[in-house]
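Starting off, we have a lone chain in the form predicted on its own, written out as structure tokens.
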């Protein structure tokens, strides 16, 4: 009998490619850039970058930090890699060694640092604030830029705050601000405003480059409409033990669940140490594929660091070593996030970077 003890994260790279191509088709007049920050949301930046570079002719990537860009630089040698967190003393050497890394400058202080270090041949991007009130030059700072300063930049970037809500007033507010500031200060410079959710807002929001991230990895970035993306992630873990739970017995830490009748339970090898949200305690769903059918079960008791306990009374034919499915086509990370009271971005990031998983690429 072959029994596993580690949870498994299956990643469907073919669906990443399909999603990229679908998003690129929707924004067909813009350059489709792949966002591979945070190890491609935990999916694996090197594998995703190489896949899109070789099979989709992707020549524009976005990362958060220069070190992330350096890890993929050799795999996408003819591509431009924009670094969203910009440049500082801790990343200067990385930019000096990798000529296809382009910093996104978000403040006058960072601009001065860039100019002082004279990175020949690099035309950075400038981030401007249009309503999110996060990183970016405010207009009073833009007015202080000299004509020579403005010529330094090769791209103008901003970020939408509410693009996941199609009719939110902020979308109109930000496109107005972005258009006004760009035309006033950088009329001939390329521009990018939208991430995945902005792609669905229409051509006006596409600008010259669209930044494809979460949706490319299967996440529904537009909850107001049915998800068009293919699922990318399957999360499953092995059943380590099956036991009877007599009526009146308690389950798990703090005894938060008590059996109202005789039950059957399965102890599954996954927990919050693997990135499964503890907020799924006594709430979360889990699925089993036995006897050629799919059966839903519930997480009972507290999610612990390494294990969850599931009520499998209704699951026929379950054996030790069988897999419990926590995310798949039929119950996606968006569904998990809803039940956990968080967002699928966070769950995917936490799961994908966890070294305890067996990570399997399909």
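Everything numeric in this text was worked out from a predicted model, so none of it was measured. Positions refer to the first chain, counted from 1.
Below: the form predicted in complex with another copy of the chain, not depicted.
The closest heavy atom approach of residue 134 to another copy of the chain in the model of the complex falls within 4.5 Å. For residue 277, a non-hydrogen atom is located within 4.5 Å of another copy of the chain in the model of the complex, even though that partner is not displayed. In the model of the complex, another copy of the chain sits within 4.5 Å of a heavy atom of residue 309. Another copy of the chain is not shown here, and in the model of the complex it never comes within 4.5 Å of any heavy atom of residue 103. The stretch from 202 to 210, 220 to 228, 138 to 146, 181 to 189 that comes within 4.5 Å of another copy of the chain in the model of the complex, counting heavy atoms only, is 138 to 146.
Taking a 4.5 Å heavy atom cutoff to another copy of the chain in the model of the complex, the contact residue among 283, 170, 119, 75 is 170. Only one of 155, 81, 175, 265 comes within 4.5 Å of another copy of the chain in the model of the complex through a heavy atom, and that residue is 265. Although another copy of the chain is not shown here, in the model of the complex the stretch 81 to 116 places heavy atoms of 85, 86, 87, 88, 89, 90, 91, 106, 107, 109, 110, 113 within 4.5 Å of it, in sequence order.
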